[in-house]
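The chain that follows stands alone, in the form predicted on its own, written as structure tokens.
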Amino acid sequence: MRIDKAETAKNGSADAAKPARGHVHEHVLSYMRRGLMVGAFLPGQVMSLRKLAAGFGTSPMPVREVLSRLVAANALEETKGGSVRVPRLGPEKLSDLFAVREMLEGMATELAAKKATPALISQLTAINKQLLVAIDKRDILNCLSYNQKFHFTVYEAADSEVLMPLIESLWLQFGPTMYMSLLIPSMPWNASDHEDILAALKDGNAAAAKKGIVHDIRTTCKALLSVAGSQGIELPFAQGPELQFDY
């Protein structure tokens, strides 16, 4: 059998390119998902295909594919003009999302508390200390990041393959409002609920841990509803620096 070396090299290059393209796609998806969950993108913000592609150092194609996936997941929405933006959540949608959060995240916290280990409590304590430092410095982006990290570390400890995808879906939808919550005067960003959760985990009190997470969620929802108009929280309320999220 005659082997065409040129053709083999060509096919080899094509095969090698497939994982590379897949890696770029997953990197873009991971960035966008995390950015939405922590609040690095704001409600109403239009996703510029050109700017995102330039930021990732890639062609527009993988970015376009990721945006389409996030639209399908209800994390982004397509406008009549064809652009893609972060949805503005009205009071009814906010209330609905946070009510479901209370149920699912409360359940996950209760399960995690029953399995809590000294290592988990130590990890959560370290994360919360980083959050408190960020709060003290008024470092908004790190406040958002460490808050999300604290919550997800708790939920992942529940070790539920069913709960985590559902919780992630909720965070993709409401996450962009979290930046707004830091600017509301009535919002007590002091991580006191996290301290209560940690105390409950140390005591092995699953009910108290669940109560702490539910109170945390409910307090945030109440603050957001206090400034949400019929069309959601408007950008003028959340004047702030342009966010850049590095991973």
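Predicted model only: the values in this text are computed from it and were never measured. Each residue number is its position in the shown sequence, starting from 1.
Separately, the form predicted in complex with a further copy of the same chain exists; it is not shown, and the next lines address it.
Arg69 is the sole member of His27, Arg34, Arg69, Lys211 with a non-hydrogen atom lying within 4.5 angstroms of a further copy of the same chain in the predicted complex. The partner is absent here, but in the predicted complex a heavy atom of Ala99, alone among Ala119, Ala126, Ala99, Val133, sits within 4.5 Å of a further copy of the same chain.
Exactly one of the stretches 215-223, 177-185, 193-201, 58-66 approaches a further copy of the same chain in the predicted complex with heavy atoms within 4.5 Å, and it is 58-66.
Although a further copy of the same chain is omitted here, in the predicted complex none of Val38, Arg138 and Leu144 has a heavy atom within 4.5 Å of it. Residue contact check for Ser160: one or more of its heavy atoms lie within 4.5 Å of a further copy of the same chain in the predicted complex.
Using a 4.5 angstroms threshold between heavy atoms, Lys93 counts as touching a further copy of the same chain in the predicted complex.
By the criterion of a heavy atom within 4.5 Å, Leu166 is counted among the residues contacting a further copy of the same chain in the predicted complex.
Leu104 belongs to the set of residues with a heavy atom inside 4.5 Å of a further copy of the same chain in the predicted complex.
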